[in-house]
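Listed next as structure tokens is one chain, alone, in the form predicted on its own.
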Amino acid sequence: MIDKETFNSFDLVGKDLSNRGYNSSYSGNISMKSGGKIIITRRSAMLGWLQPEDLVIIDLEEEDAHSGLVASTESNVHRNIYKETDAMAIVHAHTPACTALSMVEDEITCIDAEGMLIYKKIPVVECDVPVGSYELAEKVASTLKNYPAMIVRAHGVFAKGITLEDALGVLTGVEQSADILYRIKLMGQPLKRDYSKEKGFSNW
């Protein structure tokens, strides 16, 4: 049984992602670790209009009936992140700037003040099957051992946190940094000062 407070957190995060245009109507997924279980959004759930029945409880250690038939197609990715990292909550969305830049960059180095302070750089990984695959689960979890968020090329962002709200904050933060970088590239003008190079963020 999922309590009202937990549902409200999922609902808040889902609506925020939808309102920002970070997902299409039925894309993206959200989860949190709860004891030996994972609470995750149902396959094809509308994150902007979640209902209590859109949250599914699956096993943390291995695939079960809900994992394969009812829960999000990215359930195995979420499970592997929880098993391999310190994540307590995960938010996945197809944010436009991060996804667009992932098509031409191998990593996104933050050049704005907040991004430089908090994230420094956001890694990009590439998978032959970039949605729901075991390769994806392995590469995402491995990367999130050392970073709060990462991007799957042509797919979107996976962000981890202590709470759902915390993971949402990470995801919106890295998308803001990516959006600023994207706009700078559109200007076609050199930076007056590139703090990221001065601080060697590419080496992180």
Partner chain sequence: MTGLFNKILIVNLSSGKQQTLELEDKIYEDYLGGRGLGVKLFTDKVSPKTDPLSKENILVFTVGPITGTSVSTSGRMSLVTKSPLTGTIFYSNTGGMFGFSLKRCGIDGLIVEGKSDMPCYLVVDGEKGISIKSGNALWNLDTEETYEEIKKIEGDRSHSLMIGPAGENLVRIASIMNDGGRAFGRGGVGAVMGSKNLKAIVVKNGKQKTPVHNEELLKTYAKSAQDKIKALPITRAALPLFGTAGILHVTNSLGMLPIRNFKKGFHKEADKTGGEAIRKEIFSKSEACYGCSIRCGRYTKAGGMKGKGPEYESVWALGANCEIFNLLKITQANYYCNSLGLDTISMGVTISCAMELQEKGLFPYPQMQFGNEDILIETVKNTAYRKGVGEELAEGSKLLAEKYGDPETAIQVKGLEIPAYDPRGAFGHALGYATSNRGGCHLSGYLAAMELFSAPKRVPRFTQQGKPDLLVLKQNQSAVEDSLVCCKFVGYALGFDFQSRFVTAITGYDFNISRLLEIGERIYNLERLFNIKAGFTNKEDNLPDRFKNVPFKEGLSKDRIVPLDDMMKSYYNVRGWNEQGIPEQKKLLELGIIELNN
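Quick caveat: nothing in here was measured; it's all calculated off a predicted structure. Numbering follows the first chain given and starts at 1.
Same protein, other form: the form predicted together with the partner chain, not shown, and the subject of what follows.
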- Candidate site S34, I118 and N146: all three near the partner chain in the predicted bound form by heavy atom within 4.5 Å: yes
- Residue among I111, M88, A97, V125 with a heavy atom within 4.5 Å of the partner chain in the predicted bound form: M88
- Task: Can you check 163-171, 23-31, 150-158, 40-48 and let me know which stretch has heavy atoms within 4.5 Å of the partner chain in the predicted bound form?
- Result: 163-171
- Exercise: K197 in contact with the partner chain in the predicted bound form, heavy atom 4.5 Å: no
- Message: I'd like to check something about E84: if you look in the predicted bound form, is any of its heavy atoms closer than or equal to 4.5 Å to a heavy atom of the partner chain?
- Response: yes
- Pull the contact list for 1-26: residues with a heavy atom within 4.5 Å of the partner chain in the predicted bound form, in sequence order. M1, I2, D3, E5, T6
